[in-house]
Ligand SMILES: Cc1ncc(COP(=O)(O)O)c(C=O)c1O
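Take a look at this one chain, the form predicted alone, written out in structure tokens.
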């Protein structure tokens, strides 16, 4: 590594392993109940139906199904997305849609074409690690804005924007982008209210920044009424909308998309050419055929029932087994519950002991904050674990939390490092 230490770009010093990606290491272990990875449940995948569709795609398209495709993506799928979004209050043409390798690539491309080192990006506090990483890789400066039960605290953001303008004495001195996950947010599970969506766009116009609306979970709603997209309030093309088939369909296909003004889409397509030339042609055509056959609509209806049941099981088990001093959110959809422990507890420091003593894992919440706060928070994902594991895993985690709180009250410190800490190595350090 000595040679390469002198060859790495300076910006790599800001890069670190994603806690979410590291979660795979625990999710693959059969002896540990993991609530770490927010992955779709494999039990929901309609394998037989997808296999039939895939065979049809191969026969229909022939060698073309395995060939390179256009950078912007298959026109047929872009047309389907544009039609659906128009019906949801976001007028859209296929030329305003760029298909990407999941919405994560869209985040990277947006950062690549908009950010210079030091440019400010508004992020949620706590915020999605993948978005924070994508913008951080291009040396963004973060403005973390706290959340409450109605999502991003827009009034707090307005105060910060006014203070910044007063201090700099000129317009255009503030942030360049605002990144939000408005529906069943990762990691908190909260949803941005309709009024705050409107106000956010008004602030974007007033203070001259663009909004990146990332909506991977919006269709997985268990209860309540859908909110209008943030982009539906967009009158001048300053909101970029990100969608994905990863959570509502099949993540392994890596099919996502971004919607925005045609000139922005063109610039992102040029940047994409230097990254991967094009996205998965076969996967795009598979999605098109699944849409045509109504398979995706049926699949979505079925997974909503599955994930609602899993949420309810986890919430009920938490109420039964967690200490009364612990608090959590109640998501109306999506994959995640956000847990707040008493002040002074450190979820990251506790994780190796939770794995060693109870064989249960979670994601420590501090990784979702850009300002070093949130050590006493935890993200729990109910989406992937089998139902019986949810009940048993929460029982184990509740027992562990009660012991940890008893240790704190007694002033006792855990003796030495748990044996499993060496085994899980990097995972225990990055969580």
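Since the structure is predicted, the reported quantities are computational estimates derived from the model, not experimental observations. Positions refer to the first chain, counted from 1.
Unshown form predicted in complex with the named molecule; subsequent notes refer to it.
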Quiz item: Of these, 299, 254, 310, 267, which has a heavy atom no more than 4.5 Å from the named molecule in the model of the complex?
Solution: 254
Quiz item: Of these, 99, 181, 230, 123, which has a heavy atom no more than 4.5 Å from the named molecule in the model of the complex?
Solution: 181
Quiz item: Looking in the model of the complex, any heavy atom of residue 246 within 4.5 Å of the named molecule?
Solution: yes
Quiz item: Is residue 216 close enough to touch the named molecule in the model of the complex, meaning at least one heavy atom pair within 4.5 Å?
Solution: yes
Quiz prompt | the named molecule contact at residue 241 in the model of the complex, heavy atom, 4.5 Å | solution = no
Exercise. Evaluate residue 103 for contact with the named molecule in the model of the complex, applying a 4.5 angstroms cut-off between non-hydrogen atoms, and reply yes or no.
Key: yes
Quiz prompt | Stretch in contact in the model of the complex with the named molecule, which is absent here, among 299 to 307, 113 to 121, 142 to 150, 246 to 254 (heavy atoms within 4.5 Å) | solution = 246 to 254
Quiz prompt | Sequence-ordered list of residues in 119 to 138 near the named molecule in the model of the complex, where near means a heavy atom within 4.5 Å | solution = 128
